[in-house]
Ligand code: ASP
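What follows is a single chain, given as structure tokens, in the form predicted alone.
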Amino acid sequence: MQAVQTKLWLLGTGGTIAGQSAVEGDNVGYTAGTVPVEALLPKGANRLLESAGLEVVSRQLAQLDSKDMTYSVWFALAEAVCAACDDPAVRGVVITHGTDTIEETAFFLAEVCRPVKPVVLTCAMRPATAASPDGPQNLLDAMAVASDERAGGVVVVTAGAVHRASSVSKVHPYRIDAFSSGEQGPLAMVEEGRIRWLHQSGEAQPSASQGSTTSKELRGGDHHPSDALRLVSQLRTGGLPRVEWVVSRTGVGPREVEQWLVDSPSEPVRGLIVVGTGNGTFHQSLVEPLKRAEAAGVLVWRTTRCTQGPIVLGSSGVDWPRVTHLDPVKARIALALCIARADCSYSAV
């Protein structure tokens, strides 16, 4: 007999959604991460919870500005998400977060935890003390998504849109609707507490036939929450492997790569993301130093600095794998996790 899901976990990490200003109505001169997460529950939350037969269990995991996000907070979140996945009484998880790095945290949790249950991150562009704060509605929408039986996987909910962890990016520094999923578009829309699904819920993954690094390969294959907990324990002990990036641009030279090859026993560079131009191509001056980096044991992946569209198939004269579906920020996290798992299988183009 299936257990009755009666709980919705609410995890707080701070951010603008929990921010306060000394001047009432100030939207920019505020301090992020000051309001406790349990105090953020908006009007209408009780009605939503009652209709879904759920109660909220809140926990403050951190209280910071997300520009200052740390790996230790990531690890604590991953452990909490794994615990929720293992608890048959939990329907889903809602995480309040700052806007600046929410896309990184969402992607990390998706790659490490691979939850079947909905894990919904939300945020705000205006502090709680704004004349018209956006946080309360975003949180209410996030709770509605986490309560929806069709929802699953890690998503970001903001400004009425539900975004996949793999595609969401912050694209504007100030406006309320500051996030985009690029050409993929949002996964769903939240309209007066109802979820209008535009695509299949959960993380949409590219197929292996695309000839590039696939999401399953990035994660090292299927695994149970206990596998995620073992990985988090390993990362707590040894840290997330250091991965840097090199941006191809006019005038770039070998030093952009060579600076990362300097011997640093305490924290050596283990991987490099080459942020290429156009279709993942890059300046010829980078080719030889990248080959030397690879010979020294540094793993090299490449993506594009274009903000829309994946890298398409085709030969560019180099064999480094193309991460066709990830932007540079997420590609860096993916490569670091592959190195941590000692399983960097990929299908090179």
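All residue numbers refer to positions in the sequence shown, first residue = 1. Worth saying up front: this structure is predicted, and the values here are computed from it rather than measured.
Absent from the display: the form predicted together with the named molecule. The rest refers to it.
Trainee: Given that the named molecule is left out here, which of R292, R59, K43, K67 has a heavy atom within 4.5 Å of it in the predicted complex?
Mentor: Residue within 4.5 Å of the partner: K67.
Trainee: So which of E244, D87, D100, D227 reaches within 4.5 angstroms of the named molecule in the predicted complex, heavy atom to heavy atom?
Mentor: Selected option: D100.
Trainee: Just one of 43-51, 298-306, 29-37, 277-285 has heavy atoms within 4.5 Å of the named molecule in the predicted complex; which?
Mentor: Residues of 29-37 come within 4.5 Å of the partner.
Trainee: Counting only non-hydrogen atoms and a 4.5 angstroms cut-off, does V156 reach the named molecule in the predicted complex?
Mentor: Judged by the heavy-atom cut-off of 4.5 Å, V156 is well away from the named molecule in the predicted complex.
Trainee: Please tell me whether any heavy atom belonging to A124 falls inside 4.5 Å of a heavy atom of the named molecule, as the geometry stands in the predicted complex.
Mentor: A124 belongs to the contact set for the named molecule.
Trainee: Within 4.5 Å of the named molecule in the predicted complex, counting any non-hydrogen atom, which residues from 12-26 show up?
Mentor: Stretch hits, in order: G15, T16.
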